[in-house]
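The chain that follows stands alone, in the form predicted on its own, written as structure tokens.
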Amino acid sequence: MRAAALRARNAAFWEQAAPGWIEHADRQDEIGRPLGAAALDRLRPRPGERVLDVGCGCGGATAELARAVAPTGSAVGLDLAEAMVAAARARFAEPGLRFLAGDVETLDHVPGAPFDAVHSRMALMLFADPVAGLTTIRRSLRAGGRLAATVFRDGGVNPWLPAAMLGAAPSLGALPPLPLGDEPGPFAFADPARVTRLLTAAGFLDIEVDAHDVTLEAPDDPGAVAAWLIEIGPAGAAYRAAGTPARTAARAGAARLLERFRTAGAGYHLPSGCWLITATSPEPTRRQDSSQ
């Protein structure tokens, strides 16, 4: 029951959040790419492989995977938000590339399975039922297939993440409830021991959870950077529904809290602490439980 309620809340949140991600899709692809670069590098997609991108959003990383496995391979992007999947289809129309809308937690296999590899950038920690979602991912891999994903660590090593919301909130009124404990949210996978337990429960082997630090570089445009971070965060829907004076005040409030990450004339440097998660799907001879 709890997982079902969290899934419903997730679906409602992402339906409301999607317009912000679509509006800022190009900026997110450019500035946010370092958040997933380590997973792409570790995955090492090769020409001819079939690759799945879980939580594909507006499709930038999936398109990059498709280019890596071209000309004979294919890439499938899967996301919960139908509007973002539609945007991804409109943005990218490369050979061997397909986008699907669906909830990985409720599927038995992702259409197009089995895949040689699965990639995910900052999405696994958003699952309402992580074991269910990770089990579907594992079932969608061929035997010996590989997973590489990134997630945020804790808030202390990602200090800019709450700044936009906290700065904007006083101007926007009521916002959605913030996640508590291990509820889906940016820091739900902060504990590496929990991450390992979840992957083990889903049937993965060769699990590694390694710290990886990157810095996101954003241009020296306080208004645009504040709007971007507000719109892709939990304050996004309230921001878009607000009147012009409230939006102006929200951007100014976010910019004030983001100022410590800004160097005038050079731009923003946003320190980001991630986990790089890698694992493999069991080979038949290594499978511990044939019912998995």
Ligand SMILES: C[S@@+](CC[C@H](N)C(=O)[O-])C[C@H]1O[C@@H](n2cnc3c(N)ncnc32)[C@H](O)[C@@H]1O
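Start at 1 and count along the sequence shown; that's the residue number. Just so it is clear, the model here is predicted, and its values are computed rather than measured.
Below, we refer to the form predicted in complex with the named molecule, which is not included among the displayed structures.
- Remark: W14 counts among the residues lining the named molecule in the predicted complex, judged by a heavy atom distance of 4.5 Å or less.
- At the 4.5 Å threshold, heavy atoms of G144 stay clear of the named molecule in the predicted complex, well away from it.
- Using a 4.5 Å cutoff between non-hydrogen atoms, D220 does not count as a contact of the named molecule in the predicted complex.
- For the chain shown alone, W21 is a contact residue for the named molecule in the predicted complex, at least one non-hydrogen atom being within 4.5 angstroms.
- In terms of contact with the named molecule in the predicted complex, the residue from A81, A117, V76, A164 that brings a heavy atom within 4.5 Å is A81.
- Contact annotation: the named molecule lies within 4.5 Å of heavy atoms from the stretch 104-112 in the predicted complex, the single such stretch among 104-112, 200-208, 187-195, 67-75.
- Contact residues in stretch 123-147 (any heavy atom within 4.5 Å of the named molecule, taken in the predicted complex) are A123, L126, F127.
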